[in-house]
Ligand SMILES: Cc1cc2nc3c(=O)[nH]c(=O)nc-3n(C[C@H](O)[C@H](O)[C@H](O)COP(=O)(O)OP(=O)(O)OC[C@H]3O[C@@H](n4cnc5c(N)ncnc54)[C@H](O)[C@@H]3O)c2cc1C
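Shown below, as structure tokens, is a lone chain in the form predicted on its own; questions about how it binds or moves come after it.
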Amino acid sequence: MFHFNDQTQFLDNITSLANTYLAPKVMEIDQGYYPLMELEKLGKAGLFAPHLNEYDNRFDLAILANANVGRVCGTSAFVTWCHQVMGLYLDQSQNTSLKSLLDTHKVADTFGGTALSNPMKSWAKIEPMILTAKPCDGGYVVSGTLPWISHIAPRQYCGAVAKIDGADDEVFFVLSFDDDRMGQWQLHECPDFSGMQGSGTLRIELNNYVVQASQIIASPCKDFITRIRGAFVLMQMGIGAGVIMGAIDDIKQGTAVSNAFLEDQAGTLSVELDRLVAKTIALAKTPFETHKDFFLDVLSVREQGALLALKATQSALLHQGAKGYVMSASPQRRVREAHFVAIVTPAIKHIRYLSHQLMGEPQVKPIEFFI
């Protein structure tokens, strides 16, 4: 269906479509417009497909394509990442019943995100698992409330995990917000955020939601998560790299002579970004590596990306001065996008805490971090 042999042509096409459809909408997206129609255009051009088995798992190309989206709009890059990783779950599942959903998902005929923030924190022993699944005939009945789940809406779906009642394991499943089960699920508005308002982020409430066998991505799911977690985290680099690229563009628009006295310039930031992208692409060659040293490298790159996004966007704001401090200015928006890159799961603090665990260092009490 898609052809990715000409990488340059594909990436240029994604850039062109992002500039055509997303650039005119960035302010609306920042204020709450959920850009499904615009992302459908990019999906039809292959934005959600390179990393799938059918296309030889080109995670490098998927990340670079999303960076071109993020260069225009960080919120849209975040939604793209949500859609990409949902495709990853479907693609790597052994459940053949999910193939039909993957077929519509990869071309943006249907949309779905990810609800793995809580499970990722639970597996890192940061917070308890929220959803609970009780076995029933042919499946499970799931209940619980998940806050702040992105890229969802009625008649959409997401990948979710629930702890199996009475067992030391979890079930990973497609949570569909279809009309037939409307009494089993509810979606609620979240408080206004300082950014990412157009990301389709809602609170999910489940009341005896029936999960059928055809919806199960993996159960038990620990081995499955270990296999895909590196790719899950690494693909977020598309968001961060895009925000950094946009910030560098903003820096180049600064005209004050005094900008020469600022520490971080477009040239030095570009060199840092190039090095980071090179590391990302190298890791993307083996996305399903399960060795802890590989995952530590992925976490390190992800942390560096968040820190560079914070640095680059602040520099862009300083370069543009009062012009960049206007609420509608690109540097102002990108600062808030970078803050999101730094706090979305896995946040900088989560990365450091998890890395500490993986390296086998003694457990540290929270207060000791501040001594």
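All values reported here derive from a predicted model rather than from experimental measurement. Each residue number is its position in the shown sequence, starting from 1.
The next section is about a form of this same protein that is not shown, the form predicted in complex with this ligand.
Interface residue remark: residue 36 is not counted as part of the site for this ligand in the model of the complex, having no heavy atom within 4.5 Å. Residue contact check for residue 163: none of its heavy atoms lie within 4.5 Å of this ligand in the model of the complex.
Heavy atoms of residue 126 reach within 4.5 Å of this ligand in the model of the complex, making it an interface residue. This ligand in the model of the complex is not approached by residue 294, whose heavy atoms all lie more than 4.5 angstroms from it.
Between the options 332, 320, 345, 57, the residue in contact with this ligand in the model of the complex by a heavy atom within 4.5 angstroms is 345. The contact with this ligand in the model of the complex, taken as any heavy atom within 4.5 Å, belongs to 117 out of 117, 110, 176, 93. Partner proximity in the model of the complex, defined as non-hydrogen atoms within 4.5 angstroms of this ligand, places exactly one of 242-250, 132-140, 96-104, 189-197 at the interface: 189-197. Residues of 78-96 placing a heavy atom within 4.5 Å of this ligand in the model of the complex, in sequence order: 78, 82.
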